[in-house]
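As structure tokens, one chain now follows by itself in the form predicted alone.
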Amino acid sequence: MIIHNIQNCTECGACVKACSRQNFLLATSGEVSLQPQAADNCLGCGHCLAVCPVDNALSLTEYKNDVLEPLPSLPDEKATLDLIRTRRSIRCYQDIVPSQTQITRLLNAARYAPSGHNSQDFGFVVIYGQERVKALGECALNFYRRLVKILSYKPGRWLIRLFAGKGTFETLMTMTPRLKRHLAIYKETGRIEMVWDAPCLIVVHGPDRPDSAVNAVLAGYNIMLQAHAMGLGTCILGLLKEGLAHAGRGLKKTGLNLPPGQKMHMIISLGIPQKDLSFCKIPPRKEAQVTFLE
């Protein structure tokens, strides 16, 4: 992956210090070179490129289209905290669909999320338009309708407890009133609250592994923070994700087909907040639960 252009190298040794995989050698004579196993050992993290003071001394073959930009001035501590604390989950949107340019900027922010072993193993599906979004909501509701019906009978509850386990069964029983409320609202008004009439959804997917799920959520949170900075609104749609994950054949009819071996790890609603929705204060949160080990 990594290419060392010796003719441009000033042999400052910064790459030697920055590389956690020890892919660079610094000879006693001061000459910098690549380890023989560097091609297989490189993570592609770009630390060496980031610390190199000259242009074109190092490059990574995987990122041919990326231009190395000078490090910009970073926001101060307060500005960063203000961005985090003022982000809200938005559930009231205008009918306007965010532009592809805006969504490209969001996904560009997602690319820079940290990932285990720098795997960058997340991908994205963007669903445009309220009709497509509603179709996904109806697909999830169909699953929940069947689930509530099964839970309404003693033999059904027994089977779910047997096959899903006690913990999952208790969670489902706790959620049943909420699911019934969603179904009642849809029946009475045609509105699907688990998608909030959003004009756009972003599905973050990746391999079906716990570490990949963490990577995907980190990428999704980058999207949410960038959207907030751009004046867009987002909300995590966990109930929709779980419903679609168990929708079976119904999901294929919606057109949302993930690559083989991929799993939905996060679904984010996206849109422009309603004009009459504005926030003027930062609400409280629980104190951090912390244990210091000395």
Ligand SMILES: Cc1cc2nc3c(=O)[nH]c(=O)nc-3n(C[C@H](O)[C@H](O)[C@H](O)COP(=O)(O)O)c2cc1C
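Each residue number is its position in the shown sequence, starting from 1. The shown structure was predicted, so the numbers you read here are calculated from the model rather than taken from an experiment.
This next part talks about the form predicted together with the ligand, which is not shown.
Of the candidates Ala57, Cys48, Leu239, Val32, Leu239 is the one whose heavy atoms come within 4.5 Å of the ligand in the predicted bound form; the others do not. Only one of Arg157, Arg87, Arg132, Lys180 comes within 4.5 Å of the ligand in the predicted bound form through a heavy atom, and that residue is Arg87.
Relative to the ligand in the predicted bound form, residues Trp196, Cys235 and Arg285 are all within 4.5 Å by at least one heavy atom. Proximity of Arg105 to the ligand in the predicted bound form falls outside the 4.5 Å heavy atom cutoff. When contacts are judged by a 4.5 Å heavy atom cut-off, Arg91 counts as touching the ligand in the predicted bound form.
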